[in-house]
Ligand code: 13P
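To begin, one chain is listed below as structure tokens, in the form predicted on its own.
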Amino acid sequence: MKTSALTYTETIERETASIRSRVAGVVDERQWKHAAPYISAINRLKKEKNAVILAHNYQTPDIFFGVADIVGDSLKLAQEAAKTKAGVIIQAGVYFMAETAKILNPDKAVLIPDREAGCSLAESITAKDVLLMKEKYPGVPVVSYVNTSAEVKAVSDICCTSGNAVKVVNALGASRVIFLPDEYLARYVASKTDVEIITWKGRCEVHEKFTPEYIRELRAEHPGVTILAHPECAPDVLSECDFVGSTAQMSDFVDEKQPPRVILITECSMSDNVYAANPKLEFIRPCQLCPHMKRITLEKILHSLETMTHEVVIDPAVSAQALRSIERMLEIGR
């Protein structure tokens, strides 16, 4: 796929001025002059095609602030996908998120700008693996992290996100739960509940790179800093931090507490986006990029809208079973 380069003009400058002011601290002038024409073209085409763009918190600021209609963590994107009236949904995120949007909107066109935008967690487990776990632990409910394929969700009892995982596990009323695929998130949940958690060996390739030694170095270099971490990090990393939460929970913490100096231990575009919303705070930004999230670009979003590619297709039988697991999660959220 190759979209022809667009030209930055005075008209586009005026059209996008309000967006430019929001991202001025995280998008330089050269980057902006490249991005603005695409932002203008995408926003115009969205209206023509009755399309809505869902963007995860790990998307770059030009997408997050420039073209997204709904932004947030996996839970919020799932909730809003279930409510949207748009005829076309563009997922600015990774493939399992697009699948979730399609499961919740079977009669709508759901597009992913790059079908190779995957996830190490989703790829760490298959439906066959889940069925073998259920054979090994008969009668034990299976909680699948939303970072899984539609097929895995279809053979699970309920889904969860990092933001509601503890609540979902407690709501089952079971003494033991199979929690997959993220080993570290499972161990975090185990520390917050009396339920016995049976884990899987999946890990996020971004969050597992952080170490406790690195967190201690950051704290020594930046006295007085408040360090927030995602629960996909290892337990010994979380123990070195001041707050643990989902991307939405970290963002809310910063908005509400306004700590003067902040470090977010997660994918680094998250720091850019939270800083853009809180420019008076000092953000120290250790950078671990998710290569899958970064496959989504403005150019690919525009191409996706222009050509209506790549459409997500799920077997109806799989979708129906996966919907049950997702709706159980959303019902607990209500």
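In this text, all values refer to a predicted model and were calculated from it rather than measured experimentally. The first residue of the shown sequence is 1; numbering continues from there.
One more form of this protein, predicted in complex with the ligand, exists but is not displayed; see below.
Q: Do residue 188 and the ligand come within 4.5 Å of each other in the predicted bound form, heavy atoms counted?
A: No, residue 188 stays farther than 4.5 Å from the ligand in the predicted bound form.
Q: Is residue 56 one of the residues lying within 4.5 Å of the ligand in the predicted bound form, judged by heavy atom distances?
A: Although the ligand is absent here, residue 56 would touch it in the predicted bound form, with heavy atoms inside 4.5 Å.
Q: Are any of the heavy atoms in residue 74 no more than 4.5 Å from a heavy atom of the ligand in the predicted bound form?
A: Yes, residue 74 lies within 4.5 Å of the ligand in the predicted bound form.
Q: Does any part of residue 156 reach within 4.5 Å of the ligand in the predicted bound form? Heavy atoms only, please.
A: Close contact is absent here: in the predicted bound form, residue 156 is far from the ligand, nothing within 4.5 Å, heavy atoms only.
Q: Thinking of 144, 179 and 325 as one candidate spot, does the ligand come within 4.5 Å of a heavy atom in every one of them in the predicted bound form?
A: No, none of 144, 179 and 325 comes within 4.5 Å of the ligand in the predicted bound form.
Q: For the interface check, one of 213-221, 145-153, 170-178, 256-264 should have non-hydrogen atoms within 4.5 Å of the ligand in the predicted bound form; which one?
A: Partner-contacting stretch among the options: 145-153.
Q: Can you name the residues of 237-268 that have a non-hydrogen atom within 4.5 angstroms of the ligand in the predicted bound form?
A: Sequence-ordered list: 246, 247.
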